[in-house]
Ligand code: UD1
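Have a look below at one chain only, the form predicted alone, in C-alpha cells format.
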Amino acid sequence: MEKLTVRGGRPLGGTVRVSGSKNAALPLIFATVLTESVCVIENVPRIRDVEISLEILSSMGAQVRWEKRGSLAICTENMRLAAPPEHLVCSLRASTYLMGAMLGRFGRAYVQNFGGCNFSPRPIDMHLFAAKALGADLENNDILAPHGLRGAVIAFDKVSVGATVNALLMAVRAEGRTVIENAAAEPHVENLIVFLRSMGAAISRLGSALVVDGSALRGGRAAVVGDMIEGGTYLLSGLATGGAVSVEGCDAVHLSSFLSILRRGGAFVKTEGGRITVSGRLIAPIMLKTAPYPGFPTDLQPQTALIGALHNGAVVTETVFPGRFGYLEALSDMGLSYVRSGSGAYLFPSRLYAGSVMAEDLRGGAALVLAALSAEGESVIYGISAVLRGYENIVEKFSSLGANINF
C-alpha cells in the first residue's frame, strides 16, 4: 500500500507554483471526443486521474501524445463507439463526462458504475435529466438518441458542476438552441467553455444561464486553468506550521471566498503580482459554509476545517456534499476533538500529535498531510494514492517549502 512519511513540527516557507487544475483538465480531455480533429491542451497535470482518463480514451481508439511538458495532443478520429473498461470507469468520477461526450458525437452512450471518492453518494440523475431534455431515451444501461439531439431548455433545480459539464457537452452538438438554467459557474466550467469556443461552439452566459447554439466542431486548443484547490492547500500549510507560504499560478479571484475566511479569522493575506501569500495565526474561530462558486469551495473544506482546529476551532456547514466528514475520524486518531451535527461539524481547538492514519479520499487525505506537517514527530499516511489523484509532485513541492516528507 502506498504511504507517505512526514516528520512534522517545522515551519514551512517559500513559494510554490501550482499545477493545472484536475477539475478543469478532466472535462477538457473528455470534450475532445466531440470532434474528429486534433485538440491540444496545455498545462495538464501529470496526476493519476488524468492518466486514467487518457487510458479510457486510448482503449476506445483515441490517439494520445504528450508533447512538451504539460501539453497533450489528442485525436479521436478513429475512436469507436464502445463501452470503456469497467475497471477504469469505476475508478474515476469524471468518467461521467464520457457519457455526455459520446452522446453528443455518436448519439449513444453507456451508463456505467462511475467511481471517484466515496465520501458521499453522487447520483447521476441530473445528468440523465439533461440528456432526456435534449431528446435522448434511457434503455437499460444505454442512452440513445438515434435521430440526434435537439436543443431544449434544461432547468436544473440546483447547481451541479458535473451536470452542467455534461449538458454543455451534449448541447454543443445538438441541433438548434439549448438554454441551461441554473448552470454552474466554477472556474473549471468557464475553462471548458473557452475550450469549446475554440472548437467553434457558440456559447454565451446570461446571468445564471448558458445559451448554446449547436454546431459541428473542429479541433481546439486551451490551457488548463491553475488549480485553486492545490493553491489553497499549500497556503494552509503555512498556517498549519506557523510559517509563511506563497503560491503562484492560480487566480486570487477564484479563491476570494477562501481568502476572505482566512482574513476574517485574523490571518495575513496578501495578493500582488500574481502571487498569493498567507501567514500569521487565526485569532478567531473559522465559520465556513460551503456553496457553489463563488461560495466557499467544498474541495477546501477538510483542509480549512483542520487549520481552524489547530488554532481556535471551526464551525463547518457542508451544503454540497453533506457526508464529507470522513476525514474527522482519522484526525481524531491524531488528537482532534470534534462533534458531528447533521450536515455540519464542530471542531474544537486541538493539539495534534504524530500518528499513522489512512487517507480515504482526495481532499480529506490532503487534510491529513497538513495535520502531519503540523505535528511533532513522524506520521505515516497510508492510502496516499487517493491524494496523488489531485496533487502533482506533492513531495517535491512540500520539500521545496522545507518539509521533511517522502514516500
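Predicted, not measured: the structure shown is a model, and the values here were computed from it. The first residue of the shown sequence is 1; numbering continues from there.
The same protein also exists as the form predicted together with this ligand; that form is not shown, yet it is the one meant from here on.
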Candidate spot 230, 236 and 279, all three in 4.5 Å heavy atom range of this ligand in the predicted complex? no
Report the stretch among 147 to 155, 270 to 278, 320 to 328, 174 to 182 that approaches this ligand in the predicted complex to within 4.5 Å, counting heavy atoms only. 320 to 328
Heavy atom within 4.5 Å of this ligand in the predicted complex - residue from 222, 193, 126, 262: 126
So in the predicted complex, does any heavy atom of residue 162 sit within 4.5 Å of this ligand? yes
Any of the heavy atoms of residue 23 lying within 4.5 Å of this ligand in the predicted complex? yes
How about residue 292 - does it come within 4.5 Å of this ligand in the predicted complex, if we only consider non-hydrogen atoms? yes
Indicate whether this ligand has at least one heavy atom within 4.5 Å of a heavy atom of residue 188 in the predicted complex. yes
Give, in sequence order, every residue of 328 to 352 that has a heavy atom within 4.5 Å of this ligand in the predicted complex, or say none if there are no such residues. none
